[in-house]
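Coming up is one lone chain in structure tokens, specifically the form predicted alone.
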Amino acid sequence: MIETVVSAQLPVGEELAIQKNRIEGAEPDSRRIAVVTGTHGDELEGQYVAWKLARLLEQKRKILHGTVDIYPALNPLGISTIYRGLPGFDLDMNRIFPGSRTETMNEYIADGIVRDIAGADLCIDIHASNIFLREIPQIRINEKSVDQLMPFAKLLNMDFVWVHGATTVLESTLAYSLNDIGTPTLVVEMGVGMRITERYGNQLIYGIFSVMNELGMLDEPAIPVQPPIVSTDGHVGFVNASESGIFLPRVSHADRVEQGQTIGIVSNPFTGEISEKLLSPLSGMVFTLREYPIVNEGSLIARVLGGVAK
């Protein structure tokens, strides 16, 4: 059932409406999870998850207990215009939560979203990377919420869980705001901007069903998942370009590398020279890799998860 969560009037007589698909099974008030995506208009990986999850849940409705709320587009204007932020406002929507009922239109929308999700047994906030980087399927949580969130994170069928220090977590994000009011929220990062990677989406959907099994929301045998690698900030190495030019990778996404191994080169198309060789700072797995080849000084090239053997 499609429901409007919150709406606001736009110029020229149009309306901005944030909607969700509510799928109810037996005892709909017993358990509720929320699956959220589309906060950034250039992150489309979650669109596939929303579509496929809704189709599969309709098939499982007879064995479903509780309620699943699917929010495909928290930023529908951004998605329709291929714009990462809020069109016309030059704002990142994931920097205005928890919002306000009495301030700007965008804060009013943010407040309505938080109020609607609040009280869920779990919220899964799906993001992709931007157009510059590709990410393997991962969960990012902050150390303040690790005890509450880690049991769910281990069931979600992602490749690894990155536990951030509390000082690195922005308090104006949806996930932080929901966790702060007691609604457990996991942030999923996977894929690349403006693209859909179906195998990543299927992997996450499998994990969502695993979590639903754990919560008693699906009347079927539990789904086994592979335990993720768990990492903290201290186990992640960053590779940044020192020169501008064209990045040419020498490893593939999710490859295992050794410390000092060449991740890629920065080439100079004017002179034919190699401006820089980019080396891995530690041994481990490349979980983030530059997708867009144009780089400037300081551009992020890769992240390496330490301690992952070949």
Partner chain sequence: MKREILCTISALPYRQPIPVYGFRFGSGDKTLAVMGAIRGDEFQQMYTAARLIQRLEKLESDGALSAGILVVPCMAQFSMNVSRRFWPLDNTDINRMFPGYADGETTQRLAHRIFQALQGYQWGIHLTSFYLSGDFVPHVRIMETGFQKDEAGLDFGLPYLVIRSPHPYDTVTLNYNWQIWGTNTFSLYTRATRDIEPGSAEVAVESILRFLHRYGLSSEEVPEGCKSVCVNESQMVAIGSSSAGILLPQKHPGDKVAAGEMVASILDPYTAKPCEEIRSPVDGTIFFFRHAQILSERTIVCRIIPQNNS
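Numbering follows the first chain given and starts at 1. Note that the structure is predicted; figures quoted are calculated from it, not measured.
Below, we turn to the form predicted together with its partner chain, even though it does not appear here.
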Query raised in the report: Is it true that Q59, Q138 and G165 each have at least one non-hydrogen atom within 4.5 Å of its partner chain in the predicted complex?
Result: no
Query raised in the report: So, in the predicted complex, is E171 in contact with its partner chain at a 4.5 angstroms heavy atom limit?
Result: yes
Report task. State yes or no: in the predicted complex, is some non-hydrogen atom of A241 no more than 4.5 angstroms from a non-hydrogen atom of its partner chain? Result -> yes
Query raised in the report: Might R95 be said to contact its partner chain in the predicted complex, defining contact as any heavy atom within 4.5 Å?
Result: yes
Query raised in the report: Would G41 sit within 4.5 Å of its partner chain in the predicted complex, counting heavy atoms only?
Result: no
Query raised in the report: Using a 4.5 Å cut on heavy atoms, which of Y108, F152, F209, F160 is close to its partner chain in the predicted complex?
Result: Y108
Requested in this report: Scan I181, M194, V146, L91 and let me know which has any heavy atom within 4.5 Å of its partner chain in the predicted complex.
Outcome: L91
Requested in this report: Name the stretch: of 185-193, 119-127, 82-90, 211-219, exactly one has residues whose heavy atoms fall within 4.5 Å of its partner chain in the predicted complex.
Outcome: 82-90
